[in-house]
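This document starts with one chain, in the form predicted on its own, laid out as C-alpha cells.
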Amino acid sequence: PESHVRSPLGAENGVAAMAACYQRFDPAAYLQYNYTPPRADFERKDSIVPWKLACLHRAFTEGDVSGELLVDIGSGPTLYQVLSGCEVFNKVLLTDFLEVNRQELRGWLQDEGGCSLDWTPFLQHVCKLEGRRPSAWTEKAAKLRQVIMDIVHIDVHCPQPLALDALPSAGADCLVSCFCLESVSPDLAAFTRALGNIGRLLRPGGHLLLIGALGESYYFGGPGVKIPVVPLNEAQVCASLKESGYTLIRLEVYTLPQDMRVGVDDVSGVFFVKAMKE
C-alpha cells in the first residue's frame, strides 16, 4: 500500500530533514504570502481565507463541539484558526515547533505592536459570521487574549507531542490543526503517524478539526525557502483518519481559483475535516 512507500530520505532521516528545512522559516514572509489578498480578501466569496473561517465557524457552532480545552496543533504564526473556538472554549492552548512562530504569537498576545500582520480584518469577519457588528472585534480580541493559556513547543512526530504537564490528564476536548501535518511530514506514513500522535492528546469522543492542502508538493516558508509537502488526495486523508482512530463526520473541499495560485506553492485545493476520536 502507498502508506508504506519509503520517502527517498528514509523515515528516520526524513523527519530530521524536515526539521532542518524549517530552521529558515520566516513568519513575516509566510504571513505575507498567504494571509493578504487575494488569498485573504474578505470582499470575495471565493477567497480561500473566508472559506476556511466559514468552515471553522460552522464546526464550532453546530453544538456538538464543546468542553473546556481547545488545543491548536502547529499554530504557525497564525491566529485565524481559533477565532471561532475562543467563543466556545474557556481555555485555548497554542502550540508550535518553531520558537520564531511562538514569538510571533506572543507579540500579538502581549499587544505591544510586535506583530507582522494585522489580525483586525480576520476578527471583524468572524464577528460578522457570528451575527455581531464588525466593531465587536475588540471584544473578540480581548476574549481571545483572556482564554489563551499558553503558547508551547510541540513535535507531532513524537508519540508524546507535548510536555507531560502541558495538558490535564483527561486530555483536550477539541483539537484544531491547519496546514501543519502534511507540511512537516516526509511522506504519507509519517502524516498518518502524526495524526495518531496528536490523537493521544484528545479525550475519547473529542473532536478534531483539520484543514490541509490537497495536491501540494512544496510551499515557500520565506524567500528562497522551499519546503516539501506530502501531496494528499481526499481518499488518503480519509484513510489516514480511519487508521489513526478517528470517525469522519464531514469532509469539505475548496478548489483554488486560478488567481489564488500566486506562486508561493503548488496547492490545488484545501480540505476541511470534522472528525471525532473513537
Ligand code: SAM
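Owing to the predicted nature of the structure, the values given are computational and were not obtained by experimental measurement. Sequential numbering from 1, following the sequence displayed.
Unshown form predicted in complex with ligand SAM; subsequent notes refer to it.
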| query | finding |
| --- | --- |
| Accessibility of shown form to ligand SAM in the predicted bound form, site-C-alpha superposition, 2.4 Å backbone/C-beta rule | open |
| Contact at A172, G206 and M276 by ligand SAM in the predicted bound form, all three, heavy atom at most 4.5 Å | no |
| Selected contact from F179, F122, F191, W108, since only one has a non-hydrogen atom within 4.5 angstroms of ligand SAM in the predicted bound form | F179 |
| Partner-contacting position among C86, L94, V156, L201 - heavy atom within 4.5 Å of ligand SAM in the predicted bound form | V156 |
| Region of this chain that lies against ligand SAM in the predicted bound form, out of 127 to 135, 97 to 105, 140 to 148, 163 to 171 [heavy atom, 4.5 Å] | 97 to 105 |
| Touches ligand SAM in the predicted bound form: Y254 (any heavy atom, 4.5 Å) | no |
| Non-hydrogen atom contact Y35 with ligand SAM in the predicted bound form at 4.5 angstroms | yes |
| 4.5 Å heavy atom contact, G76 to ligand SAM in the predicted bound form | yes |
| Contact of Y30 with ligand SAM in the predicted bound form (heavy atom, 4.5 Å) | yes |
| In the predicted bound form: members of 192 to 219 within 4.5 Å of ligand SAM, any heavy atom | Y219 |
